[in-house]
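Below, in structure tokens: the form predicted alone, a single chain.
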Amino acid sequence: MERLICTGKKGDFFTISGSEFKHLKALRINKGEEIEVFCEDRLFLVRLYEIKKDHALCTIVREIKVSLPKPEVFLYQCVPTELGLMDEVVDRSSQAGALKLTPVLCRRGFQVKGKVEEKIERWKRISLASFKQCKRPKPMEISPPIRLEDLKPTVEVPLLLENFTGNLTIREINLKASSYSVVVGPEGGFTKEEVELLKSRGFLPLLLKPYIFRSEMAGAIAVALIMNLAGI
């Protein structure tokens, strides 16, 4: 079933306009058909009531009850020096099942916090688009950027992707926990000082086999492995 984003309310109707309306037209959805609509952080089954020149009206059939899959996985991604690559990170990690993505400023990555903050709304839109495509129960959250030195573990199993000094494989970590975090470095990896800092705070160095993955891909792979091996 197709899924769209509500762009407003008009009385008892949900409205679909703008780019979402163009998407509806492209899908050739007709009056009377049922679709899923995400509105105000809730998911609904609706029936297309009327299609006008620049918008459509929908009536609610019922709210769709959703539950978040377990475990919860939080991704901390060092922002690549090529800032545009974060678009791929957002899309891939959303599809993999990350609950939340936080951009991290580190020594070998992009370091201009203001520029990263300007991209947050764009990344939220990408997260919404991915949510529509992969049928997540809720969109992946995008948090404001933080600096690596401010990063502290807040979950049961905090992990640090480290292909140079990592000594734990994915099957050797605790796969019965309810929450995980994954910290991913930039192209070229973390500095030695950054690795030691994170390890001293309790992050466990994880080695992904058999090869070294690109930064913008590694996080999604780690999240997907945890989501599947730890059980949903």
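Quick note: we count residues from 1 along the sequence shown, nothing fancier. Predicted, not measured: the structure shown is a model, and the values here were computed from it.
The form predicted together with a small molecule exists for this protein as well; it is not shown, and the discussion that follows is about that form.
Asker: Using a 4.5 Å heavy atom cut-off, indicate which stretch of 170-178, 35-43, 200-208, 56-64 touches the small molecule in the model of the complex.
Answerer: Only one stretch passes the 4.5 Å heavy-atom test: 200-208.
Asker: Using the partner position in the model of the complex, report whether residue 218 sits within 4.5 Å of the small molecule, counting heavy atoms only.
Answerer: The answer is yes: residue 218 has a heavy atom within 4.5 Å of the small molecule.
Asker: Hey, in the model of the complex, does residue 214 get a heavy atom within 4.5 angstroms of the small molecule?
Answerer: Close contact exists here: in the model of the complex, residue 214 approaches the small molecule to within 4.5 Å, heavy atoms only.
Asker: My question is simply whether residue 79 lines the interface with the small molecule in the model of the complex - judged by any non-hydrogen atom within 4.5 Å.
Answerer: Output for residue 79 is no: heavy atoms all beyond 4.5 Å of the small molecule.
Asker: Might residue 91 be said to contact the small molecule in the model of the complex, defining contact as any heavy atom within 4.5 Å?
Answerer: Looking in the model of the complex, residue contacts with the small molecule do not include residue 91, since no heavy atom lies within 4.5 Å.
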